[in-house]
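First, one chain by itself in structure tokens, the form predicted alone.
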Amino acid sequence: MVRVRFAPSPTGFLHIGSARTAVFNWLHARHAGGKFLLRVEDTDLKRSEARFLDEILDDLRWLGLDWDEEPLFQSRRFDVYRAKAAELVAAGRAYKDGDAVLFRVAPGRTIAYDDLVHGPIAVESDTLKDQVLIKSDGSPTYNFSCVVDDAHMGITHILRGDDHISNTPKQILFYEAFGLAPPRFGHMPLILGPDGSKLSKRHGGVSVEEYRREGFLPEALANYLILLGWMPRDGRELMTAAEAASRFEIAEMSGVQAKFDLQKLRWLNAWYIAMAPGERLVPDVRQRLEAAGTGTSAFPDDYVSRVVDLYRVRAKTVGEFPPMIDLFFREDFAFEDGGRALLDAPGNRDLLAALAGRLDTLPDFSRAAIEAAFRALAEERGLKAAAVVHPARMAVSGKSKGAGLFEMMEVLGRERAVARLRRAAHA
């Protein structure tokens, strides 16, 4: 059975590159009907923090990744690593240097393996020095603890970033020293910024937490991470993680470095926002409005959902909703620059008062009826419809652009829409 693992270090937030590694390991496990395991690499006791682990695990769940067994913690296995190092010393494969333990690297041999992504890779042992297994403080080195734990966990495939290619031949030597067959290794090219340099904050957020905070949906971010290393044969780009898992093949992964394109991610996110049911977005939108100082407790979920439906095609992230829709939840909304001047233009206040009177007596306050009232008033006054729409939009929303005015007024309801028109007419 396929058994893969994701091994985060709880010394910081979940990096986008690490999240991609987790996604591809999860895809392979789910495609093969295998197991996706977690190992917490917390051997750096000074820098490891429980809050970072909690955040990492929460981010994985948020992305839709589930794991199959209880996580293994390296900080609880120091005695195991020391015992395994002692086995190699007893076998003459390692030696003590003070309190440290080092592995003897035999010269004159080629360490070769078939990388799942890059194909054949070979390294000469003469280029490697003796490897530290246990440091003088009694803690294990990364490469040694990895091998001990991967063997213990029964890991069959290791998918990780290209920055680990130099570690693989060293780890293969340790497997051989224990008389074990190494797992299959695959190394994914690192994610670069759009300019070809190392991905950094100047290219956008670099942690999953930052993208969550900005209002990216988990299915959009997972979808984009999948595209940074693999695409199905039919070239389809929009797919859930579950859909990708059903079609994923390691052999089809790209060996070329992927460039992180924030605009592509925003496009994907906009698509998922447009497709999401209104109720799916309501809790997040409410939370963001509250955080921005706009209370929503007086409004039911179905009202919030209708508001979201008006603006979903305009938003690239959920974080963009509050400044666009706060006007639906408060009467003290701000007017954009030039808004008051539009209301003060000759004839506009009289026009708004007349419009308010007509809308107040409509038997049906639907968008179609509202539009008919606008057009009838414009026709009677010898005006184009826009001459009525523009000041009315400003009076109702404080903005010159937004969702359709008649749809906005229908959602606001007769009482609030008419009150806003009259308030503007008599200001």
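We number the residues from 1 along the sequence you see. Quick caveat, the model's predicted, so the values are computed rather than measured.
Same protein, other form: the form predicted together with ligand GLU, not shown, and the subject of what follows.
With the partner left out here, ligand GLU still marks one of 265-273, 284-292, 236-244, 138-146 in the predicted bound form; by a 4.5 Å heavy atom cut-off that stretch is 138-146. In the predicted bound form, none of the heavy atoms of residue 424 sits within 4.5 Å of a heavy atom of ligand GLU. Taking the partner from the other structure, ligand GLU in the predicted bound form has no heavy atom within 4.5 Å of any heavy atom of residue 420. Taking the partner from the other structure, ligand GLU in the predicted bound form has no heavy atom within 4.5 Å of any heavy atom of residue 312. Although the partner is absent from this view, residue 4 stays clear of ligand GLU in the predicted bound form, with no non-hydrogen atom inside 4.5 angstroms.
Distance criterion of 4.5 Å from any heavy atom to ligand GLU in the predicted bound form singles out 164 from the list 77, 93, 184, 164. Only one of 212, 157, 170, 160 lies close to ligand GLU in the predicted bound form, with a heavy atom inside 4.5 Å, and it is 160.
Residues of 9-32 placing a heavy atom within 4.5 Å of ligand GLU in the predicted bound form: 9 alone.
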